[in-house]
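What follows is a single chain, given as structure tokens, in the form predicted alone.
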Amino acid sequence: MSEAVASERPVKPRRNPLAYVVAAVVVWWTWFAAGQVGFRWSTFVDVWTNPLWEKFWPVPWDWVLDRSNVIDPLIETFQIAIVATVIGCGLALPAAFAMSRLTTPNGPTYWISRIFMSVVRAVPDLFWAKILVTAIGIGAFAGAWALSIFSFAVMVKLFSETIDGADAGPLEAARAAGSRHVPAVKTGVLPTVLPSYVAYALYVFELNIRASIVLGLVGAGGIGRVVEAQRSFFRFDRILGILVLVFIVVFVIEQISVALRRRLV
């Protein structure tokens, strides 16, 4: 009898009719939005017949690999990303603990930090760059500050959620022993989430490499400034060479970062 019961197939769960309604609404809304923005499937074919593609080849590698033309601005991009990662992730460490329900000192601190971070995250990094370029001036300094704000917002969001999922036992034990709030958090929570913090910092550094290229288009320094200058002169062959070089560099950095994150987490 027990063998017969064990051999019975599990009952297939019934699907909720509401799921079909939601799927139909999503499909209809997508189709409607595509019509409103003028989306056409023929675009994927027509784009390859554009005569502009002829301007992308051949790539002038002697110009692309010249230090003053591309290499120095690319190094400046790395410098912007490094500075922004250190500043943004450094500021995010205490802010993430204040934004987590597990480690926040009190209710007002929790809600003020959440509201403040919602405002910071609502402003795109490109808009921060435009504001700071206008206020500070064109160059890498404005780009570094814009990316610092971007890094701060991303890191606080990721790290605070990691803290929320941490084990509360060591923190409760430290509080029961009479420890104050900051020492209790330092000894009860920080050691368990520190590897994730370092892994997220590496991930934010990857994001900053890519974002600094985009911010350069609005005058925030780095290789993006070179891309924008060549675009204005319609030198798409040089732009293609720059993009190939950036792709190789970003790919290498990403592989190193992934390997390090696997060892940490």
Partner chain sequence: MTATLPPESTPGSAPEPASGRPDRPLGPRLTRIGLFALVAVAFVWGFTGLDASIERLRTAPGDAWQIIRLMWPPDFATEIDRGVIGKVLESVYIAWVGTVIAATLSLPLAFLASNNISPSFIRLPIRQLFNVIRAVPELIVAVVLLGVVPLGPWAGALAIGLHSIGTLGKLASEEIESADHGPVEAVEACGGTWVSRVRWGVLPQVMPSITSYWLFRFEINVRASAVLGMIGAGGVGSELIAQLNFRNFPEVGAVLIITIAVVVFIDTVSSAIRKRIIAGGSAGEPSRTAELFRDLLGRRAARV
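Positions refer to the first chain, counted from 1. In this text, rigid core is short for the largest set of C-alphas that superpose within 1.5 Å between two forms. These numbers come from a predicted model, not from an experiment.
Omitted here: the form predicted together with the partner chain. The next part is about that form.
Every residue of the trio 83, 101 and 131 has some heavy atom no more than 4.5 Å from the partner chain in the predicted complex. Taking non-hydrogen atoms only, residue 200 never approaches the partner chain to within 4.5 angstroms in the predicted complex. Interface residue remark: residue 213 is counted as part of the site for the partner chain in the predicted complex, having a heavy atom within 4.5 Å. For residue 175, no non-hydrogen atom is located within 4.5 Å of the partner chain in the predicted complex, even though that partner is not displayed.
A residue is said to contact a partner when one of its heavy atoms sits within 4.5 Å of a partner heavy atom; residue 21 fails this definition for the partner chain in the predicted complex, lying far away. Along 224-259, residues 227, 231, 236, 239, 243, 247, 250, 251, 254 each place a heavy atom within 4.5 Å of the partner chain in the predicted complex. Residue 65: CA moves less than 2 Å between this form and the one not shown after rigid-core fitting.
In a rigid-core overlay of the protein, residue 233 has its C-alpha displaced by under 2 Å between this form and the one not shown.
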